[in-house]
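The chain that follows stands alone, in the form predicted on its own, written as structure tokens.
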């Protein structure tokens, strides 16, 4: 703990962009839960390099950082919110679901929507009660299906990745009907693969790969 306080103090003392970056990198490397509040604060600074390091540090801390991120999201600072979305997507805790849904559907930044799409496909749902797990998986599915219509190809590509990752969470476990959601997921991928108006061939190719993998796994 004293070492973490010293690292936090080094961030406070930094008086140049490079100094802040280096201090943030050192704090992030510690990956200590007590550093989460300072790392979240750094997300709001006008220093992209330090923000990237802070996001990496928050992801390394993992679940213990989630409450701090959620309670300190700055609705008036777009940059800070965008970085927070990236951190929540990387952590994959279900408490970030609402933020990721909102980001994919409404955020003005394609890179933020892309991170949200990937995050929605990789939420850590294992260990939840079956009904709760299924309900959250359906929310992720709906957000990703809606994301298929995103105007940016990088987001649509991330949606494909998210859908493929989500498929396992929609698998049947006897407690819920999984056939319809899985069909909806596959139909969304087929729609992206077969879209003659798709401007980026890589999206269609990635959808084809996802379909191939999922169909092979289901056989």
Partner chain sequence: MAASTRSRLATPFMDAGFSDQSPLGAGDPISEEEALRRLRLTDDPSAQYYAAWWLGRNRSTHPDAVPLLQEALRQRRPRDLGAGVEENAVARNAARALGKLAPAALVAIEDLLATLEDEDHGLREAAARSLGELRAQAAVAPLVRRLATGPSVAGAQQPGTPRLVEPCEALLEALGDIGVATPEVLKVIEPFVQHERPLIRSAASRALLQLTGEERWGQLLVELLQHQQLQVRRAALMDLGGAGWRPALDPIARTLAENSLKLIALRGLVENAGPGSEPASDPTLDASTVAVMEAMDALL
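Positions refer to the first chain, counted from 1. We call the rigid core the largest set of C-alpha positions that still match within 1.5 Å between the two forms. Every value quoted in this text rests on a predicted model; they were computed, and no experiment measured them.
Beyond what is shown, the protein has a form predicted together with its partner chain; the following relates to that form.
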Interface segment, criterion being heavy atoms within 4.5 Å of its partner chain in the predicted bound form, picked from 36-44, 62-70, 183-191, 148-156: 148-156
Although the partner isn't part of this model, could you tell me whether residue 109 comes within 4.5 Å of its partner chain in the predicted bound form, counting any heavy atom of the residue? yes
Counting only non-hydrogen atoms and a 4.5 angstroms cut-off, does residue 118 reach its partner chain in the predicted bound form? yes
If we define contact as a non-hydrogen atom of the residue within 4.5 angstroms of the partner, is residue 199 a contact of its partner chain in the predicted bound form? yes
Taking its partner chain as it sits in the predicted bound form, is residue 21 in contact with it (heavy atom to heavy atom, 4.5 Å or less)? yes
Let me know which residues along 33-49 have a heavy atom within 4.5 Å of its partner chain in the predicted bound form, or say none if there are none. 48, 49
Is residue 211 one of the residues whose C-alpha moves 2 Å or more between this form and the one not shown after the core fit? no
Checking residue 80 here: with the core superposed, does its CA move 2 Å or more between this form and the one not shown? yes
